[in-house]
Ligand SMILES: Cc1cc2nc3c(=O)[nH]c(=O)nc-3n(C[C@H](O)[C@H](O)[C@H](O)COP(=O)(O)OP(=O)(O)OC[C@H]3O[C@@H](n4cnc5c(N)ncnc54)[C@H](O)[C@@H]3O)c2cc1C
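The chain that follows stands alone, in the form predicted alone, written as structure tokens.
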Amino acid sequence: MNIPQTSAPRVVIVGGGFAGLAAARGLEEQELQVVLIDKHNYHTFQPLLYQVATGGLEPDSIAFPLRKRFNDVENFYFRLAEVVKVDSESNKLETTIGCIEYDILILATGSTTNFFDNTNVQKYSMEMKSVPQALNIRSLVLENFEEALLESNLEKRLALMNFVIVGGGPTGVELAGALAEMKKGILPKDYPDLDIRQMKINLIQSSGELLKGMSSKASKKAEDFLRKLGVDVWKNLRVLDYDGETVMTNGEDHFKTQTVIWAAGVKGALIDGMHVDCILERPCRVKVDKYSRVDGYDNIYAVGDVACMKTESYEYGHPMMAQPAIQQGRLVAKNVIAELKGNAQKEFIYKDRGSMATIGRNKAVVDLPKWKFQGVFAWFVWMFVHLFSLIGFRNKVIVFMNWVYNYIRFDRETRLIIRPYKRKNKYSFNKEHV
């Protein structure tokens, strides 16, 4: 890896997401050698991925180069690689570019899509956990309408214009709202020779309410917003299978569609080499103590989505969202410093600052610890919080200008098929079907 040897303790951080970045920031200006490893050379602001997927933002406006953030930090090194295995006995980390020794290891690998062992769904549906995946969705959505223009078979044309989103959490709700706004104000202008009224947006939720974890009032209001936008909301309906053409459910309703976007769950992005006792089957995360130390290890910590710290309030660990990850990352940095100095570590106490989701133009729901509100004011609060949370002044300016332009013009300029997405569906479009 060409990282110089040093007498200072080496802290290796795996993952440049919210938790890993917070941990790396907390270790600045310490007598340490910090090595950050990630398979991307940028940090992704995941809450706005859905806007990239629907043409509202360009991907570089929600991404920030990791090297740039630490340009002026001494004894900091970044390496672009994927971690293969942890060798805890020799304190080594195996990666795709070689091995590296560590004194302290911080796992901040985040989460990955949970398909609940359904191989067909995993094969044929779309996921949205990264910038490339969001771009794939953007390309596929636009390709669907280009192909629908050429399709003379009504059933196949309707399947191309039928979108199924599985999962009624913030990702599913926000994506459904964004697609509905495209249907209302953008697609009819782009495709005047196509009956956009035939476009269907289905949001499927296995439980009886959307936005599980938020208040019942927020859930009800979000559903009302979606229905007014023309989204078909299906509750208490579970997807059993998807063969690339038909979504099968546990009810009588089945969906003929060429596009399924899976937002029904996530699981920890685990690394091989950890002993079995520290891996929890439910919720598929690494078990950590109150100091974020991995169960059974003295010098390995885990923070963010991959970590499960069980408490009385959080039986299955803290919510897999940005705020718990950031708070854990900040504290683990302090605990690492305390440990190296021989001082006592601090227990992690999660400060719930609330949750929010936007459903579209002038529509959002916000649950704060003391206040809960919905509508236009909630929408402005949502915009302010997300704008303030973006990394980099340039990104803040670009996103703000895009939002202002989109709001005034009711437009999304970045609906571009930069790289066509190749379908995995069994049904392949060709000239025979035109």
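Residues carry their position along the shown sequence, with the first being 1. All values derive from a computational prediction rather than experimental measurement.
FYI, the form predicted together with this ligand isn't displayed, but the following is about it.
- Exactly one listed residue, out of 394, 39, 68, 372, brings a non-hydrogen atom to within 4.5 Å of this ligand in the predicted complex: 39.
- In summary, among the residues 131, 126, 300, 271, the only one with a non-hydrogen atom within 4.5 Å of this ligand in the predicted complex is 271.
- Although the partner is absent here, residue 186 is not a contact residue: none of its heavy atoms lies within 4.5 angstroms of this ligand in the predicted complex.
- Mapping the unseen interface onto this chain, residue 168 falls outside it, with no heavy atom inside 4.5 Å of this ligand in the predicted complex.
- Proximity of residue 30 to this ligand in the predicted complex: non-hydrogen atoms within 4.5 Å are absent; the residue sits far from the partner.
- Taking non-hydrogen atoms only, residue 352 never approaches this ligand to within 4.5 angstroms in the predicted complex.
- Remark: of stretches 201-209, 247-255, 320-328, 114-122, the one touching this ligand in the predicted complex is 320-328 (heavy atom within 4.5 Å).
- For the stretch 8-34, the set of residues having any non-hydrogen atom within 4.5 angstroms of this ligand in the predicted complex comprises 14, 15, 16, 17, 18, 19, 20, in sequence order.
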